[in-house]
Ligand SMILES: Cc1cc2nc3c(=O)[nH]c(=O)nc-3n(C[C@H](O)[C@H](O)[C@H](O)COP(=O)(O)OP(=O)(O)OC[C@H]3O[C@@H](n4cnc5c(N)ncnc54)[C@H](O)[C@@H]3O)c2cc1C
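Before any questions on binding or motion, here is one chain by itself as structure tokens, the form predicted on its own.
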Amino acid sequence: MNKIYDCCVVGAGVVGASIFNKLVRIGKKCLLLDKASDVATGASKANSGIVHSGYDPMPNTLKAKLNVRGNALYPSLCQRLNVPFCNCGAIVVGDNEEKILALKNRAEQNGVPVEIWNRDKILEKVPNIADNISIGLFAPTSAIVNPYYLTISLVDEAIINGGDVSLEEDLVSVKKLENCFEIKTKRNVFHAKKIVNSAGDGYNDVAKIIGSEKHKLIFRRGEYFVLDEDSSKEIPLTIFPLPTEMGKGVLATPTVDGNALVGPTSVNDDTRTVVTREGLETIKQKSAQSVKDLNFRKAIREFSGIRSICGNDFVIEKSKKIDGVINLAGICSPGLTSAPAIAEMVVKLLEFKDKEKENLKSLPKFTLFKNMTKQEQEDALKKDPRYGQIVCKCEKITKGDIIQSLNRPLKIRSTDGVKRRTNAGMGRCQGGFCFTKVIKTICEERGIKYEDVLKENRGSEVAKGNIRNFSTSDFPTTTKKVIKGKFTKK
């Protein structure tokens, strides 16, 4: 029999990654499985990136308790992982004092500090607030984070501390043996004493294979605009309208990368990550009710994400059908915020002691060349001259940065994977000039063919074959170089 893991976590989104990381840190032999070719390829890559304060969930629900606890854990978690975290605060704005006061009461029940702001106070912070806004509820503990980079870092840290990850694994069967589960995929057979189903919108597919409880899920699509970097100056904090039954509404928020997000829409029963003209028009109209004069001509990208909803609360439970299985379903907003607290709860449900082992390895700090000090840049160039070759002009990402991303603990072979680790391709041209250079670098570093490189997951190969007998050396090279930290023409 193969190695028997203490636990197998199915699903490599931010929640699954948090659980995986936590189990490894308390000394458990843990395996993380996912059908995708990288972590954070579902809801964890396509959301607002907001660490909610916790004023919104109904008191005494799992959402309320885990949101508040998760919010408290984030600053130290991000510091440990060297993940960008900005405590910018958030405000709910409107013209209905009664509804704002009701939210304030809910926040107080949840133990969340909030302040009532009048229009003059709001204008001091957000000069372009809509004319109809008369009152707001400010939550100082609300923050923003890069959700996919956080997920990547959680997994990387777990790997260097002994955790195992296997991607591109299509689950085929799960059989309960005398002392463990036999977990078969199309490629491998694994054994684990316990299983955590954290498969997100694929929860019921996994539950069916395991034989555990299935839950009725509602899928809700949300579309977003990404505005260029200077747009974040108009949106210095997260701005929400008054919430409705369909969610927190169309918000505007800065990002830790300096952009701004506006959205999402809320479309029921749709699992397609599509962006529609109607959805984008809805965002423009509804956002104007909170913030006026947003310049959507500065939009550099639109995207959509899917959130799965199960009733009015999270489902986090021991399976009553199969002993040793933990179910997590309907982990929608505030799932990102709650993730580290969910991990704590799952450890208890698994009946493991929550005591971290000694001598844990720290995740190295992966610093982009542009963010290094002058001395660090000079040292990096001496160690690897490829830090002097610009690949992505928009984001000033070097070939050395890309090589570094490919040599992190979790190995990838996709251009989107490089993008999520370096921002290469996230600027104004959206990869128009650097896409082939990134592919070439992946081929060189991984020792693979052009047609083996993915955009994101299996089936998204950037090429299907070679029609003119060329090699990666035929791709255009960089047109700029870096000398002692300064970008200059050749």
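Computed from a predicted model, the values in this text were never measured in an experiment. Numbers follow the displayed sequence, beginning with 1.
Separately, the form predicted in complex with this ligand exists; it is not shown, and the next lines address it.
Checked against this ligand in the predicted complex, the candidates Gly202, Pro140, Gly249, Gly388 yield a single residue with a heavy atom inside 4.5 Å, and that residue is Gly202. Proximity to this ligand in the predicted complex, defined as a heavy atom within 4.5 Å, singles out one entry of Phe181, Phe369, Tyr149, Tyr224, which is Tyr224. Residues within 4.5 angstroms of this ligand in the predicted complex, judged by any non-hydrogen atom, belong to 306-314 and to none of the other stretches in 278-286, 306-314, 406-414, 112-120.
Using a 4.5 Å cutoff between non-hydrogen atoms, Val206 counts as a contact of this ligand in the predicted complex. Within 4.5 Å of any heavy atom of this ligand in the predicted complex lies no heavy atom of Thr422. Taking the partner from elsewhere, Thr337 is found to have a heavy atom lying within 4.5 Å of this ligand in the predicted complex.
At the 4.5 Å threshold, heavy atoms of Gly70 stay clear of this ligand in the predicted complex, well away from it. Annotation for 11-32: interface residues with this ligand in the predicted complex are Gly11, Ala12, Gly13, Val14, Val15, Gly16 [heavy atom within 4.5 Å].
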